[in-house]
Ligand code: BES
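For reference, the chain that follows is the form predicted on its own, supplied as structure tokens.
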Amino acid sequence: MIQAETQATTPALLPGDAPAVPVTLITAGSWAAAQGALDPAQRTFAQATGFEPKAGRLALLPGPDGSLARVLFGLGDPEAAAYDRLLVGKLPGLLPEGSFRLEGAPEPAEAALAWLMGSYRFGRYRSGGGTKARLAAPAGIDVAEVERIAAAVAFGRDLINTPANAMGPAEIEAAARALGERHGASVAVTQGDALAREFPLIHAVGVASPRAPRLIDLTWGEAAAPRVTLVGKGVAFDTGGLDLKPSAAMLLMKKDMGGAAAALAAAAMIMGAGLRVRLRVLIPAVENAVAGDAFRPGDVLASRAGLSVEIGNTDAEGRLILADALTLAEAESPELLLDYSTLTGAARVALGPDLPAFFTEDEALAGSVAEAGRRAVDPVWRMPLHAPYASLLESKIADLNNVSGGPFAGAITAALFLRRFAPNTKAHGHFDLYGWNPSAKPGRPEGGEVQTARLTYALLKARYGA
């Protein structure tokens, strides 16, 4: 079993008045004034070592006794298109052990969050190696809010980073239950014969694994509050099924439950902040394995919605389990329905690993999501739900096929497939994300990433408040 939230992997902020070495954040425009504030020896040292206020440049300045007295850190040009607002998140990996204080942060709360997110290390299987630089809380920020978001991000990252032998459907359920218990939410789970009757697509995808499939249903908040439902793809490991992936394509498949991790991380932020919503989180949790009872290419499966689905490819299993969960979600007419999944390689080809694809027919929602992503530094890019492409999913023997059978528009046809199972919910958004940082970036260590979780929290906080 795993813990609901992993406090150890992301340290808390130190008290604001803790003794700390100042870290002066410098842009090209502030460099002259910053030089003037240094004592002559420090100014000479910075010049001698060639410090410039370029993005990511660091200078450690000694005091009279030779100890570390000040740090200079370049932010680059805040007006540049490529300016990274999370650049401060690089510092925990650069600085020596000790306590530090930021000076000159354009957005102190954002900088503190970037620091904490950059302090994350997945330490379940290795001792040591964590960052040892600590940050004193900047003046005037909501410390609890920053720490809450950072802890939720760490929680979701830990879920993704944990290998599949220790993170199956039961462990995803345990994480959801522990999170629910922490925040006073209720959690119901459907599995076994009941799953086969009520959610036949989820059951069909997961039945070949000895680790039983299930639907996890977490609810929180007052019944009269606006209903918000998050649906996360929880494929603990994806072999591809009988349409078996090559071994190289399986290496990162522990992250195929990244949608579930993003939904649960967002839920941790929402519940921790006490937003005025009636929250529901649905996680279909399965392992797509190979065995004698695995579903086959060419099978026709029933769905909870009553639509029959021909299986064109068993490696397109994520949309199947989401379909049953979305049908359940729509039945109670949520005001907002968001789903999260590591769904298609096509989205990565189009947008790369850092930019999740977002689909919706709701123009107001699209604008709000884009703004929330900018505000939270958790960006997405809207792609079209081009209705004529729905014809690519036609089947000669069933209501629809789970794949188009061709090489084009894979992310769009997947989104159109999902839309068939929540056709009446206007404010429905679908995130097709990667869930992984292939290389380290400031505030985003290499490994699992809960893309769109912070965006979701910013969106709901702006809509509903605490």
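All values derive from a computational prediction rather than experimental measurement. One rule holds for the numbers: they count along the sequence shown, beginning at 1.
Not on display, but discussed next: the form predicted in complex with the named molecule.
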Task: Residue stretch of 99-107, 314-322, 137-145, 196-204 approaching the named molecule in the predicted bound form, non-hydrogen atom distance within 4.5 Å - done: 314-322
Open item on the list: Please tell me which of 297, 226, 192, 345 lies within 4.5 Å of the named molecule in the predicted bound form, judged by heavy atoms.
Closed with: 345
- [ ] Sort through 34, 59, 409, 403 and report the residue having a heavy atom within 4.5 Å of the named molecule in the predicted bound form.
- [x] 403
TODO: Flag residue 253 as yes or no: does it have a non-hydrogen atom within 4.5 angstroms of any non-hydrogen atom of the named molecule in the predicted bound form?
DONE: yes
- [ ] Verify the contact flag for residue 157: yes if a non-hydrogen atom of it lies within 4.5 Å of a non-hydrogen atom of the named molecule in the predicted bound form, no if not.
- [x] no
Task: Partner contact for residue 238 in the predicted bound form: the named molecule, 4.5 angstroms, heavy atom - done: yes
Task: Contact label in the predicted bound form: residue 51 to the named molecule, heavy atom within 4.5 Å - done: no
TODO: May I ask whether 233, 245 and 434 all come within 4.5 angstroms of the named molecule in the predicted bound form, judged by heavy atoms?
DONE: yes
